[in-house]
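Structure 1 and structure 2 below are two forms of the same protein chain, each written out on its own as structure tokens.
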Structure 1
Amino acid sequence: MSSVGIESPATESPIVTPAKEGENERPPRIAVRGLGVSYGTQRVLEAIDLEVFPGEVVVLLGRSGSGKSTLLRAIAGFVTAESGSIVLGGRDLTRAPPHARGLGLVVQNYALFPHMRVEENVAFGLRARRRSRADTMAAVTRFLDLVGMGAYRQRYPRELSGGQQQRVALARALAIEPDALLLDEPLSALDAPLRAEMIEELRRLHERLPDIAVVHVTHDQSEAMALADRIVLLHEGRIVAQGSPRALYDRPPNARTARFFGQANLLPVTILQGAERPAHTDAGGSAWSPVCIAGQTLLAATTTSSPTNGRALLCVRASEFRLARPSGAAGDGSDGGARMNVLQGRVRSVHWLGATQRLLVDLGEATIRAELPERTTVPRPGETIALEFAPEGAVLLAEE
């Protein structure tokens, strides 16, 4: 639970989850420090710090306009850094032109050269480097085979499907054996089944090229979850959170992050002070804090960034809720230590969604959204319901 960075990089350096044990000690392939970028008078990136290590897949995640693509383009050299530095493979290349950076880039629309055959596309970077013809052809064969496009080397890009073009674009970027691979929304132009297939393909590729560092930009959280060793969440030109997908999902450091991942309820609660029920730490090292909403007392997990008193937000995912057992059976604390939170409210609506059913439950002060398994028998709208959830599934966050 410790691998969670928080909003202000000035006070606390981002904590990095290494892809593999011990790789932390190797120097980063990409080190961005204090990067600021403006378009005219508009500030689009502010004090960005980012390190990417060999073998690591970092996903830059954010909505459109969050600055994620600009960050990638700044690393690639297409956008001028106004402040800060960009160090690639130990060399400061902040002011270097794109062609001197040695990074492999793949973009959303593939940007294959339409006047060149597949093999000429893949050979482009090597020809620009004046590699010998034999070397070039060997590399072309190797990388086209790697992405499974060996049979298409004589085709023109317009004769390929979207997924095939994507593979060629990958081969072309890999052929220059870059220090790092930059992927700018590489899957956004593909339809859903093909996208799922390409995600698998990218994972396999990462396994076969264990040393390469990858920066992958996307707005799709499931794509990020599936691919990332570390997710960096951007909002309005700043890093809002970073950490492993699991960490960001289970223990979001702030409300914005919580909202970005999955169906989160953010309930306004009051933290109960020590006099009533003290905050305590259990054997596993997790900290808990009692909170109150609509007159009902709950226990919430806290993180280093959780507030300690006053108003706060309780983040509970819709899938955390279960139908509570009848009140007589649930003895307080007599249940072998698995203490459950229980919330009572009035059912407002029930929607059947196939595998699950979605309930809107009115608490008076707030409405919660719960997703229950399809077979659960639930009360009808207007009736009272009791929902339970584990304290581990509820994280206390600061108000925005």
Structure 2
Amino acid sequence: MSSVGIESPATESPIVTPAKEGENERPPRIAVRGLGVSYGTQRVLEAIDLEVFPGEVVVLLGRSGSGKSTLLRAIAGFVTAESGSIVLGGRDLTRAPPHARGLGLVVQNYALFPHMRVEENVAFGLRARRRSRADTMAAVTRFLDLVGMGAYRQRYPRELSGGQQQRVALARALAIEPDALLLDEPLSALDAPLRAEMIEELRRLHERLPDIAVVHVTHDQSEAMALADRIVLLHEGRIVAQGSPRALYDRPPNARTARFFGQANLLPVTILQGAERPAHTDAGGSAWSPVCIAGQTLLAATTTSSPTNGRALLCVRASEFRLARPSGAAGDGSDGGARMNVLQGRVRSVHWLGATQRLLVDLGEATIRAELPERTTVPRPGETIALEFAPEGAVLLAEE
């Protein structure tokens, strides 16, 4: 992973859930307005609006080609904005060069200077800014200690592991004390155990630097959910959803978001209305809508964006299911949604995954995926199974 210090000078309407109480009362550290970027004739970013506040970790999430790295590089100044503006620290720096933006950048590869020792790599940006030797060495010591690399300052990059090189790159980006830190898929080249370790390291680092704004790019949803105050999901150059990790997981605003956060079943259902089955609101104000799938009636939570009639998609996470109790029955809403929804189907397959078992269950017009605890005794393939889930564990989404 390489790091670049950047010196500071003297369609769809996504949901927005501020990451922290009172966040919008402070001016944003980064404000992107109507940003458009093209590569030749190909439009890769379209009308992007994004704010990042001091102390906030915003993760740009999306599949390859979604535009997340392009957005980060545009903020850094390495990609030219075709339209819109980029305001950093209250200053419009849309046309400013990278070195004049007051940002620290850490990218994917380990492009530390191979001929320089660790301490020289970290000192590079400070020396370019003509800091005194005493100030430079003090900063080198502080930030190497901060990332746990103080004992390695005399080593060359080739003498370090990938994770250690990554820590040095972070120290180099932080040493210039940037207004914001930009991380472009910093964990993508690491194996699973080291990736988990570095996620915890990044969490600890942010706890020690609580005022820095962080923009982190990844395609890995588990990484995003572990690190983000707010996730911004991109698809084909547009923001399709943003909010806290829990908000996007529990109440995705659209089917695309539900699909991206894996293990979501999107079941085609028909919304029942009028004399067939009245909608229900419980004592706490939660709204439920009755739906039908494969001749079975269920209740599902609704949001302001949920459809109110016709066909829809019922979003249920695989982990929401469990074997139905003998007395289980579909809830009718008369007890405030306390009763469980029940679906009956035929087991297609059972796969043991260690801590869980993954079941594929055919309902006739749809197939559901369920994750049950490893010790659960389940029917064999070809047999009938009854699975239950709480109405609040499902949400109704519009068909795409």
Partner chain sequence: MNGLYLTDRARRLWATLALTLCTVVFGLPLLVLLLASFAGHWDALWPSSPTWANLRGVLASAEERAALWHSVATAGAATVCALVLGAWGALAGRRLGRRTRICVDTLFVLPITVPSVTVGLALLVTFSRPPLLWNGTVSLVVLTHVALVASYAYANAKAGLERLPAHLEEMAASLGGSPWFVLRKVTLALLMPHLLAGAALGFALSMGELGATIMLYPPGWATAPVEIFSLSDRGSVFSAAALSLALLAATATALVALERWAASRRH
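Structure 1 provides the reference sequence; residues are numbered from 1 along it. All figures in this text were calculated on a predicted structure; none of them were measured in a lab. Throughout, rigid core stands for the largest set of C-alpha atoms superposing within 1.5 Å between the two forms.
Participant: Pick one: is 1 or 2 the form predicted in complex with its partner chain?
Facilitator: Structure 1, which is the form predicted in complex with its partner chain, differs in this respect from structure 2.
Participant: Once the core is aligned, please say if the CA of S83 is shifted by at least 2 angstroms between structures 1 and 2.
Facilitator: No; S83 is a residue whose C-alpha shifts by less than 2 Å between structures 1 and 2 when the cores are overlaid.
Participant: Would you tell me if R133 moves between structures 1 and 2 by 2 Å or more at its C-alpha, with the rigid core held superposed?
Facilitator: The answer is yes; the displacement is at least 2 Å.
Participant: Examine R117 after superposing the rigid core and state whether its CA is displaced by 2 Å or more between structures 1 and 2.
Facilitator: Shift of 2 Å or more: yes.
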